[in-house]
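So this first bit is one chain, no partners, the form predicted alone, shown in structure tokens.
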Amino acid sequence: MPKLIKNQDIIDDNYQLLETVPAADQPLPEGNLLVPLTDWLENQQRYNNHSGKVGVWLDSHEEPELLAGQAQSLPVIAINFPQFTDGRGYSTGRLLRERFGFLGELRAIGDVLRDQLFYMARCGFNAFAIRADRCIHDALNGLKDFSETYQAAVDQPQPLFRRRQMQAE
């Protein structure tokens, strides 16, 4: 079973990522599924009848606003990082957490590398599907690259100068 990093632990990944969804007259695979956003929006009744849990994955060009009002009903939202240099997923993650109040599992998928994890976590990601050719144990250390942050973010809403002011008072 594939592994992923979730809440700073390495666990079994119990979701199957469907890049291509079976035709409407074909059965869905058993178990928990991650399905493309566009397919989930068009076929919600089909997924409501599925016996396992169903989450969605967004490609880097898809807008999180498409999930407005429905994000809270999803157990997992995955954001695809198609290549290391495509950073749009960071903004998508932050919007889902801050604007849409998503509290569930926010997973980074695709070209996810150790050096990105600390910054992804700052944007609200709490699960990471590391690229298959990389060591997941080494990647886990990427969440501890820095002990202090200067700027405000999802994981630390107060910038460092305000935290220091509060300590001095």
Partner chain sequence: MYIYDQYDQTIVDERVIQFREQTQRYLAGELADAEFLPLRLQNGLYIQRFAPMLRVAIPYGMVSSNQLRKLAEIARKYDKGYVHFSTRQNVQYNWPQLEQVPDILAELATVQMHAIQTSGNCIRNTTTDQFAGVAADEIVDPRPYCEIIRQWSTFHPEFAFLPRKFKIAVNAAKKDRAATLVHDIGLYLVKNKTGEIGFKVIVGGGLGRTPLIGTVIREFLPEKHLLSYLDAVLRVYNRYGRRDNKYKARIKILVKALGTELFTQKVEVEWEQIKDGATTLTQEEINRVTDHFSVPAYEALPATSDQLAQQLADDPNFNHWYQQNVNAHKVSGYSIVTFSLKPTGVAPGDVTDKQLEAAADLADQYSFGEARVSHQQNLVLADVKQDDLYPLWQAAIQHGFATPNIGLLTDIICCPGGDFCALANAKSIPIAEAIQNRFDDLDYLHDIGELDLNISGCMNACGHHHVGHIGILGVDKKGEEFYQVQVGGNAGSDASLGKILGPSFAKEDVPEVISKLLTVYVSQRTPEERFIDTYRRIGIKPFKEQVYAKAH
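Values in this document were obtained by computation on a predicted structure and should not be read as measured data. Numbering follows the first chain given and starts at 1.
If you look for the form predicted in complex with the partner chain, you will not find it shown, but the lines that follow are about it.
**Student:** Among 42-50, 102-110, 22-30, 115-123, mark the stretch whose residues have heavy atoms within 4.5 Å of the partner chain in the model of the complex.
**Tutor:** It is the stretch 115-123.
**Student:** Please determine whether P64 contacts the partner chain in the model of the complex, using a 4.5 Å cut-off between heavy atoms.
**Tutor:** Flag for P64 set to yes.
**Student:** Is there a heavy atom of R88 lying 4.5 Å or less from a heavy atom of the partner chain in the model of the complex?
**Tutor:** Contact with the partner chain, yes.
**Student:** Could you confirm whether Q8 comes within 4.5 Å of the partner chain in the model of the complex, counting heavy atoms only?
**Tutor:** No - in the model of the complex, heavy atoms of Q8 and the partner chain never come within 4.5 Å of each other.
**Student:** Is there a heavy atom of R94 lying 4.5 Å or less from a heavy atom of the partner chain in the model of the complex?
**Tutor:** So R94 counts as contacting the partner chain.
**Student:** If you apply a 4.5 angstroms heavy atom cut-off, which residues in 131-160 are near the partner chain in the model of the complex?
**Tutor:** In sequence order, R131, R134, D138, D145, F146, S147, E148, T149, Y150, Q151, A152, A153, P157, Q158, P159, L160 come within 4.5 Å of the partner.
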